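Before any questions on binding or motion, here is one chain by itself as structure tokens, the form predicted on its own.
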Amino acid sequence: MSWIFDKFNSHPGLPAIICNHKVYTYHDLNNRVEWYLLFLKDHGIQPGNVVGLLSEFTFEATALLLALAKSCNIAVPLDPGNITDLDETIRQAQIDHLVRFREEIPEFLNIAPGSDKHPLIRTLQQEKKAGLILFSSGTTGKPKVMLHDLTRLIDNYQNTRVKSTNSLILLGFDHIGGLDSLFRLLSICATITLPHSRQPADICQLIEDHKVNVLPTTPTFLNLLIISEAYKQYDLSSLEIIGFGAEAISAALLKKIKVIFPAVRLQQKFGTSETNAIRIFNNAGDEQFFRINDPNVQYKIVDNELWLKSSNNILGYLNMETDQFENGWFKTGDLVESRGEYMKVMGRKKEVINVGGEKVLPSIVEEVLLQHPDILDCKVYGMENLLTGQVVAADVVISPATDMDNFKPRIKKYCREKLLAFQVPVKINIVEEITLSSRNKKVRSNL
């Protein structure tokens, strides 16, 4: 792992991180990593200890994460916005020490460790490797506690060339997509711009102020950007690439983004918390489709579900059995449509709506709804029904200019013209906005 710090030393004057409008160079970052190594030693944190980092993405948190990797600790990034029960989080991740920040000043908390460490953690400790513990979002069940070999993860970015670019990181400090962006950008000595807010206007302001070239984000954020019309109020001409991932994207949304940003290249990104980001090649004619182009990854499709086998697979779960793995293959839960060697993510297996035995993918219904000129955003989900088990329901955000006369019957009629009968929403709820989870994913509104 020493290669990444050697790279920092070889390019000390390049801007590394922009945080709160302050620019830190790679010299600054290296110095701060060394300071944190002393900080860890002064507080009795030994190699192999499990250390929680309670922080959003900041320069300080990034330097501490790198120091933990360098000292062969097991790091647990924890975004405060995603923590509902800190004590339970500490218990499940088997954290020994917790560091949080007060006005960017680290505050050390010693945690009385509980029972013996999980065998997977003990193995990393014995091998003197750094580790990374991540929690799944838990939006549809109990959060999974995943253990990565952090040394292996970072070394995966080793053979990269220095490139001058400025990229935002929009995904969180505790998200594999955010960490993939971090390590990949650091490996090429790029500039990383960290937002203090994920509101569209604030992101656009950062792009204008710091001439950001790359915006990696989610379809949900892109739709918020369009609805807010913040892109009209700022100079976003520095943008060269918009990367999107973490969820399926609709053709309707892609079309809108192409109209708004005609000179910007669109790139789909793909990966899972269990496998890290995977190199893919986008279909130039339809960016919804991609093919896997990663020498470290094998894939197959079983009953429309994508299975992956990666050299970057997690070591395992700390709080449950690894039943999503079969002979090294990870069952992603992503349902895909194949077109030759290309594929398109249609949605999550666990989100499929069962209408009297007929299977409905929410993304198919959402695609149709988003094509209607009166509908700005929507969320489709299954609703319990005594006769069919489930029926299709939809929350919709409508344009202020919408004619409300017979609106719902008109939308159902529109859907019947484009969908099969069992796919048509039985219940349509008009909402002011689609509720988002702490990780910027759509969830059902509480009506």
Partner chain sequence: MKEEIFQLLFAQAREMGEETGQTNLLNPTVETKLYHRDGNLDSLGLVTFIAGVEEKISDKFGVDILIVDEKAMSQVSSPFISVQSLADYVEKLLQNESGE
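Residue numbers count along the first chain shown, from 1. What you see is a predicted model, and the numbers here were worked out from it, not measured in a lab.
Unshown form predicted together with the partner chain; subsequent notes refer to it.
*asked:* Looking at 49 to 57, 34 to 42, 417 to 425, 396 to 404, which stretch has residues with any non-hydrogen atom within 4.5 Å of the partner chain in the predicted bound form?
replied: Contact-bearing stretch, as computed: 417 to 425.
*Report the residue, out of A93, C189, V355, I314, that has at least one non-hydrogen atom within 4.5 angstroms of the partner chain in the predicted bound form.*
After the contact test, the surviving option is V355.
*Taking heavy atoms only, is H27 within 4.5 angstroms of the partner chain in the predicted bound form?*
Looking in the predicted bound form, residue contacts with the partner chain do not include H27, since no heavy atom lies within 4.5 Å.
_Under the 4.5 Å heavy atom criterion, name the residues of 366 to 385 that approach the partner chain in the predicted bound form, in sequence order._
Stretch hits: a single one, N385.
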